[in-house]
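Before any questions on binding or motion, here is one chain by itself as structure tokens, the form predicted alone.
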């Protein structure tokens, strides 16, 4: 599925003298089967942007398109099934007595048969290495387990685009790594992922393209090397290190991910040894 925002503006409290423009003419696409990283400082418009992707927020002007069709003409339930949005700290919304019941809530609202619901719940939990939690009460889980269960509730809807707003915030390193593995696994399975994060290093590890927002505008968008090396001030540590060495070691290239950066630096040391 191709998701497109065209010249989207969003103004909070319009017409009362306290207008606050949060998005200022944002145009971008989420291509089929890609991971799009969205980064930017506090107040840059990241959360406002992603809430437009399934029209949880309606544009003040501009439009959102799903496979070329104006999303405003689609049923909201269908749009939000196809574009699943996971808010920051989604575990705060867990409410059912057991994990299985909680994850099954959204697919049951689709009117699916019991066997289909159970299959989706099982598949979503397994994809997050959480199947063993099905009979547990959500309040008994760790923070990382709760986060995975909350995401499973959206995955059980079988979205074509999964939007994750700061999914690793507050998680321990092991839980963070598992979530990033989920992102790459979804991409491999053909699901598009929009990853909003303040952590440039994790975006560098998984994103196919990066969108940098600044004051509600797209500052830059493109593949990670293109975006990060054009502006090392808005770049992960790997890029800042290589950029600092670039003038004296042009053979390093433009690695972005941690592993490829280490490999490039190791090659440089060996060549000079």
Partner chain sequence: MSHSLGQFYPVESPLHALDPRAKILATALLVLGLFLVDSVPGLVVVAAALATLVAVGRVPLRTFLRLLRPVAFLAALTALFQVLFSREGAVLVEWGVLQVHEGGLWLGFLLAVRILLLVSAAGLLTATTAPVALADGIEDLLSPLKKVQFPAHEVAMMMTIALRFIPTLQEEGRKIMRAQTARGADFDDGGLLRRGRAMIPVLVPLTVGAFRRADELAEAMESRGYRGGEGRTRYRELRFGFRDALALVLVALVLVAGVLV
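Positions refer to the first chain, counted from 1. Note that the structure is a prediction, hence the values are computed from the model and not measured.
Another form, the form predicted in complex with its partner chain, is not on view; read the next lines as being about it.
Checked against its partner chain in the predicted bound form, the candidates 186, 85, 74, 180 yield a single residue with a heavy atom inside 4.5 Å, and that residue is 85.
Distance criterion of 4.5 Å from any heavy atom to its partner chain in the predicted bound form singles out 56 from the list 63, 69, 237, 56. Comment: 146-154 is the region of 122-130, 168-176, 191-199, 146-154 lying near its partner chain in the predicted bound form, near meaning a non-hydrogen atom within 4.5 Å. When contacts are judged by a 4.5 Å heavy atom cut-off, residue 94 counts as touching its partner chain in the predicted bound form. For residue 106, a non-hydrogen atom is located within 4.5 Å of its partner chain in the predicted bound form, even though that partner is not displayed. Although the partner is absent from this view, residue 51 contacts its partner chain in the predicted bound form, with a non-hydrogen atom inside 4.5 angstroms. Its partner chain in the predicted bound form comes within 4.5 Å of no heavy atom belonging to residue 160. At a distance of at most 4.5 angstroms from its partner chain in the predicted bound form, all three residues 13, 80 and 102 contribute at least one non-hydrogen atom. In the predicted bound form, no residue of 116-146 lies within 4.5 Å of its partner chain by any heavy atom.
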